[in-house]
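Below you will find one chain, with nothing else, as structure tokens; this is the form predicted on its own, and questions on how it binds or moves follow later.
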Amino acid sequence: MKGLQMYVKKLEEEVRARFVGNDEAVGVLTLNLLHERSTALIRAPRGRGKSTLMLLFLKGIFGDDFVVLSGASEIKRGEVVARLHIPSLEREGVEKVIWSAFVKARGKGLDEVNRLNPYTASNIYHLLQFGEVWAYGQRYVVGDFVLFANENPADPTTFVHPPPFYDRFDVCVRLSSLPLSDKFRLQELIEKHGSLVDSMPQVLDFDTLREIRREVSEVEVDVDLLATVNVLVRDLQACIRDRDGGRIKPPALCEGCHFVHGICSSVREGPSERATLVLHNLLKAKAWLEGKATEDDIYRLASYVLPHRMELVRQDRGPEELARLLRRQRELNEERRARKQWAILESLTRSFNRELYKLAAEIAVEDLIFAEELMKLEGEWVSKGLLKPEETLRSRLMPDAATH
């Protein structure tokens, strides 16, 4: 194994040696470290080890040189962003800004995000969105960093943060409770180490991690894998009745829709384009660390990239419903490959063929994404007189949607 990969494997190994269970979550959090400005959210009820897992990773990278803010305490503006140096203001009338340790730290932790008040959350949101903070008319560019956060959404003291706030976290992992055998193992580890966090060694430093991130950024992912990622995200975004632009949402929006049984009918609010970017970064990291990335990895990683940045119609079923949609997505892509529909679309893009168009139109009535692309081509064909408006797929699918 190459040198830099050994550091990452060692970090994961040391975390696993102190954190029992939830092995896949640990693996995903490790992969997510390997791109710039990585952010991860750990969700679980109380007592599942959220804070411990966060601190193990931070300590493994930064030793003791990291900063954690707790939503359970009353956080002041100076702790989050900056404060004024009062003596300079009084003596010289100069507004000297002292940036907070949290802003300047390369390793950042947010404990109990659900308890952050809206003001604090908005400052952190801006940092995550733009990689910068503003205070007293001055700007500080944060640069590269690692940020871990955890929360218990069921906590009665929870603030409701807007969806865009959570969209800024690359991945979200849920920690499950431990089976009986793992409970015995955890007790043995506590007896061995005393404090699990204090026993965690620093495995690498931030300069090494930045070099790793540089190498990962140069990895090229197979074009077919990227196409699968784009199709997956678009399948979860698309709505022939403009779900994003109207007030009516599924399932009411889907009544009488041609695609009422499609994946789109199970999604109330689709994911943002950040889902595509994050999946791409994770595939690069997987290829760099393991030597390859596969289509199986896309669907496995999607279950950590999507849940916090989209809303399902059956939100009450949570991970089970997302898993069902991802299984259906895999089946749909197999059907697409069997029909060779992307090759058909590519051929029609080069030149119009009426018989091929008829075949494409029949496929499109069962596939919203394919229909979306075909209808884009129809406009050009109608303008050239190759197709009459009443012959188009749009005329078959859109009139009913126009009534909503």
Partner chain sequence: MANSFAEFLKREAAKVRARRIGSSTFIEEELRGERRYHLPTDFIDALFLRSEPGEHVVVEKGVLRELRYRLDELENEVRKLRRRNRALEVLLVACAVLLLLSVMR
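It should be emphasised that the depicted structure is a prediction, and the values quoted were computed from it without experimental measurement. Numbering follows the first chain given and starts at 1.
Here the subject shifts to the form predicted together with its partner chain, a form of this protein not shown in this document.
Shown alone, this chain has one stretch from 51 to 59, 334 to 342, 64 to 72, 35 to 43 that lies within 4.5 Å of its partner chain in the predicted bound form by heavy atoms: 334 to 342. Although the partner is absent here, Glu373 lies within 4.5 Å of its partner chain in the predicted bound form, judged by heavy atoms. Using a 4.5 angstroms threshold between heavy atoms, Asp222 counts as touching its partner chain in the predicted bound form. With a 4.5 Å cutoff on heavy atoms, Gly246 does not count as touching its partner chain in the predicted bound form; it lies far away. Proximity of Val365 to its partner chain in the predicted bound form falls outside the 4.5 Å heavy atom cutoff. Residue in contact with its partner chain in the predicted bound form (any heavy atom within 4.5 Å), chosen from Lys192, Lys76, His261, Lys183: His261.
Checking His126, Arg210, Arg328, His85 for any heavy atom within 4.5 Å of its partner chain in the predicted bound form turns up a single hit: Arg328. Site residues Glu255, Arg324 and Leu356 are all in contact with its partner chain in the predicted bound form, judged by any heavy atom within 4.5 Å. Contacts to its partner chain in the predicted bound form (heavy atom within 4.5 Å) from stretch 265 to 283: Ser265, Ser266.
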